[in-house]
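The chain below stands alone and is given as structure tokens, in the form predicted on its own.
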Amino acid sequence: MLVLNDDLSDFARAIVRGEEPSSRVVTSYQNYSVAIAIEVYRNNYRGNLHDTLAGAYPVIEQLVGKDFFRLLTRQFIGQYFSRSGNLHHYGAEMAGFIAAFEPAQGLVYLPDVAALEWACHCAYFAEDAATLDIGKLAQVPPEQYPDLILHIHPACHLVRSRYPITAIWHAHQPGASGDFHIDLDSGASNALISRKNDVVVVSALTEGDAAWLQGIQAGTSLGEATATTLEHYPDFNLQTALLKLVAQNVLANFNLGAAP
């Protein structure tokens, strides 16, 4: 069994890392050499990972074009190996990779779009969870509201950017108007990613709503998160924010006191 494990490890390194295959690999093929055989497996490996990345980052592929995207993914695959049998986990490092990828340095908004797309990808595959029970929340005495610890649904993510990434993402969705003329200097964007009825939803939050949600995500109590947000954003409206988040299945549950 140990010999078999060693053989499989050697074979995997030959495919993934380009190392020389083990001397134990059979080389007596009738129609092609072992190098060609390994290359066939290697191309299949890279092709599967490329398709995985294309599935996770369709907007990035549209923004840069298929040829540039293939160059980008080839470099990414060479640097980041697949470490799980579940390919849904592959590609998490893309935003950071693009930020350091020299040919993409002129596309300053691209890393944040990648971060948004990965959040959408994670939201789609996130575990199911019950959404906030309004009836149960209504039973909490008003004087205890400041002590509420609200929990965020596993599919919910917040991506903040200095660029209008929410508008960019929407412009590249199926059925969009096709208007790609987006002013990159139009201001920051706070993209809220959620999932409703198995559909990923991306919407924009105000600066105040985003700051409040970040506090809630960090486990801050409702009272503290609201007070801190109002200090910096006096126009923040808690009721409006709650109604919007409940409608989008962002809030999952709550408890009183310190978070468990």
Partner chain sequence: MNNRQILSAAIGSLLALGLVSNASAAGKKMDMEQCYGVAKTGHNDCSSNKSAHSCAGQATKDRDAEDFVAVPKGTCAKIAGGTLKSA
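Numbering follows the first chain given and starts at 1. For clarity, every value in this text was computed on a predicted model and none was experimentally measured.
Another form, the form predicted in complex with its partner chain, is not on view; read the next lines as being about it.
- Although the partner is absent here, R160 sits far enough away that none of its heavy atoms falls within 4.5 Å of its partner chain in the model of the complex.
- The closest heavy atom approach of A252 to its partner chain in the model of the complex falls outside 4.5 Å.
- Put simply, H121 is close to its partner chain in the model of the complex: some heavy atom of it is within 4.5 Å.
- With a 4.5 Å cutoff on heavy atoms, L205 does not count as touching its partner chain in the model of the complex; it lies far away.
- Of the residues given (A92, V108, A126, A188), V108 alone sits with a heavy atom within 4.5 Å of its partner chain in the model of the complex.
- Residues of 237-251 lying near its partner chain in the model of the complex, listed in sequence order, are L238, Q239, L242, L243, V246, the criterion being any heavy atom within 4.5 Å.
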